[in-house]
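Consider the single chain below, provided in structure tokens and representing the form predicted on its own.
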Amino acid sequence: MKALISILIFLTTTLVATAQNANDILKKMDEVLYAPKDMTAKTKIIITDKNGNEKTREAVMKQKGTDMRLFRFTAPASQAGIATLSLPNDVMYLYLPSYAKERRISSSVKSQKFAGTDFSYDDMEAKSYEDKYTAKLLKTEGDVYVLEMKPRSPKSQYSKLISKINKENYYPVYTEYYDKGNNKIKIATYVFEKIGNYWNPKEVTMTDLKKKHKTTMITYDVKYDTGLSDEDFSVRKLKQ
């Protein structure tokens, strides 16, 4: 009996420690991704279909803290002005110049693709991973931690994410996305670079496995801690 109790205590302690380690890893990743007070950058978006045909777009992005982000297309002319605004408390707006009016994006719409890319509105949302997911450490593999992340919200389009996190610097290098049927539907790969004191996601590629379609976002001309205000992330700014 004592042996059985010892085994149960050991297993319980191990499970608690593993969960704690996973949450610590997730927290450290958020600290890396959201380390700057604010950020502005230009973005080149390359959309590639299953035949290898490419379309290129340009955009600008602003970010403040962990929950405010403005993303606006600037080229080509057919896309210029289309923008999303992500705010605290799961608030998100879409602006379409052709209608000259913003509309709030409901949770049911966040699973849809954003402006023809392979990123959903949910993927474009500014929100820390710790707030969106619970984590479980599956294993360590070479120079990465492998985490299983399950959405806190039942409204999420995903059943889980499997992410590989760099052990030394705590940024993501690879993520698999699973739908409600537990089918792997998308893969994201990341290339980070150090700019000053911060790690910047220089290149992120999202691949739709079913459609064999991918979108690569390349950020450049990145500026940190320029003193952006909350007003820079208002609905009024969204429409400008």
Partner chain sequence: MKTTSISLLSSFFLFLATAFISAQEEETKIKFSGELKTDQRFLYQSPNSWAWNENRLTFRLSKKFRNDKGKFHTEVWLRNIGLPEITTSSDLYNKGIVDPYNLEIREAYVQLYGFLSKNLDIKIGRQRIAWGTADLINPTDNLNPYDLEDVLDFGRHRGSDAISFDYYFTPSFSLHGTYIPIFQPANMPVGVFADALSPEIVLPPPYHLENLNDNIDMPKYTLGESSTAGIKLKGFAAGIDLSLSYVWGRDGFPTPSYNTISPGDNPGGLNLDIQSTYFRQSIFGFDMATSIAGVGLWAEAAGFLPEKEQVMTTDMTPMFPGSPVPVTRDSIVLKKEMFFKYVIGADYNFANGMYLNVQFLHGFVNERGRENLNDYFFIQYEKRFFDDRLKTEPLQGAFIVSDWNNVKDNYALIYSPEISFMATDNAEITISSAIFAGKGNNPFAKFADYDMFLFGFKYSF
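Numbering follows the first chain given and starts at 1. Only the largest set of C-alpha atoms that superpose within 1.5 Å between the two forms is called the rigid core. Please read these numbers as outputs of a predicted model, since none were measured by experiment.
This next part talks about the form predicted in complex with the partner chain, which is not shown.
Novice: Spot the stretch among 166-174, 127-135, 146-154, 85-93 with residues whose non-hydrogen atoms come within 4.5 Å of the partner chain in the predicted complex.
Specialist: It is the stretch 85-93.
Novice: Flag Gln112 as yes or no: does it have a non-hydrogen atom within 4.5 angstroms of any non-hydrogen atom of the partner chain in the predicted complex?
Specialist: Gln112: contacts the partner chain in the predicted complex.
Novice: Residue-level question: is Arg57 within 4.5 Å of the partner chain in the predicted complex, judged on heavy atoms?
Specialist: Contact with the partner chain, yes.
Novice: Could you confirm whether Thr140 comes within 4.5 Å of the partner chain in the predicted complex, counting heavy atoms only?
Specialist: Output for Thr140 is no: heavy atoms all beyond 4.5 Å of the partner chain.
Novice: Would you classify His213 as touching the partner chain in the predicted complex, given a 4.5 Å non-hydrogen atom cut-off?
Specialist: Taking the distances in the predicted complex, the answer for His213 is yes, it comes within 4.5 Å of the partner chain.
Novice: Taking the partner chain in the predicted complex, which residues of 84-101 have any heavy atom within 4.5 Å of it?
Specialist: Contacting residues: Val91, Tyr93, Tyr99, Ala100, Lys101.
Novice: Spell out whether the Cα of Asp123 moves at least 2 Å between this form and the one not shown when the two forms are superposed on their rigid core.
Specialist: No; Asp123 is a residue whose C-alpha shifts by less than 2 Å between this form and the one not shown when the cores are overlaid.
Novice: Using a rigid core alignment, state whether the CA of Ser107 is displaced by 2 Å or more between this form and the one not shown.
Specialist: Yes, because once the rigid core is superposed, the C-alpha of Ser107 moves 2 Å or more between this form and the one not shown.
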